[in-house]
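Only one chain is included here, represented as structure tokens and corresponding to the form predicted alone.
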């Protein structure tokens, strides 16, 4: 089912020197794309940036006007290099304040409120925390900005918590075909087919050849099942080879 909502797009900012150095492999993009896509929200842009306050603030400030939602991952821990909250607050001109809901959860779990725990309880003034199944690790929301952890397990639980409050968009349907042909052999027909079906995104993806045998996967995407069926049907009738 394609859904009857409008097309919605989101931006994702992956923050962390460890990602750019290669020490940590990013796993957020594919997971976010899949789960947001199930709600009809497509990733339109991903930026991977270092732990620099100016770059963090500039990225979020730019994307929040471009997309329905902006998600950030990373930089909300207790250490000196966790700068995301302060950076976004500075870019927005919004104060950073302690959130009583987070403080209460910390008191219940740990008893003592250390400086490090107070640092992790901060949100943007006028925003809110969104509790998730990990009681002491809520997501932080301000407007259309959702600030999540960098640790994958935590970020995923935080996203699951915020998904129900996001608007539903038109879910993109997809279908694929695999051909034992090199991509260059089908480039012309695919280009012509794409021109005849403007409501369908058609992408071709060459696979690594094995023993000299080439394979190309053609993927069709559309929010309309009728348009998708028409494009796939015509493709299936093409004489390729």
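Residue numbers count along the first chain shown, from 1. Predicted model only: the values in this text are computed from it and were never measured.
Another form exists, predicted in complex with a further copy of the same chain; not displayed. Remarks below refer to it.
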task = Tell me, yes or no, whether residue 49 is in contact with a further copy of the same chain in the predicted bound form, where a contact means a heavy atom of each within 4.5 Å.
result = yes
Would residue 57 count as touching a further copy of the same chain in the predicted bound form under a 4.5 Å heavy atom rule? no
Practice problem: Answer for residue 153 alone: is it within 4.5 Å of a further copy of the same chain in the predicted bound form, judged on heavy atom distances? | Solution: yes
Please determine whether residue 68 contacts a further copy of the same chain in the predicted bound form, using a 4.5 Å cut-off between heavy atoms.
no
Per contact check vs a further copy of the same chain in the predicted bound form (non-hydrogen atom within 4.5 angstroms), the hit among 140-148, 125-133, 72-80, 91-99 is 72-80
ask   = With the partner left out here, if you bring back a further copy of the same chain in the predicted bound form, are 29, 204 and 208 all within 4.5 Å of it by some heavy atom?
value = yes
Applying a 4.5 angstroms cut-off on non-hydrogen atoms, the residues of 9-23 near a further copy of the same chain in the predicted bound form are 9, 17, 18, 19, 20, 21, 22, 23
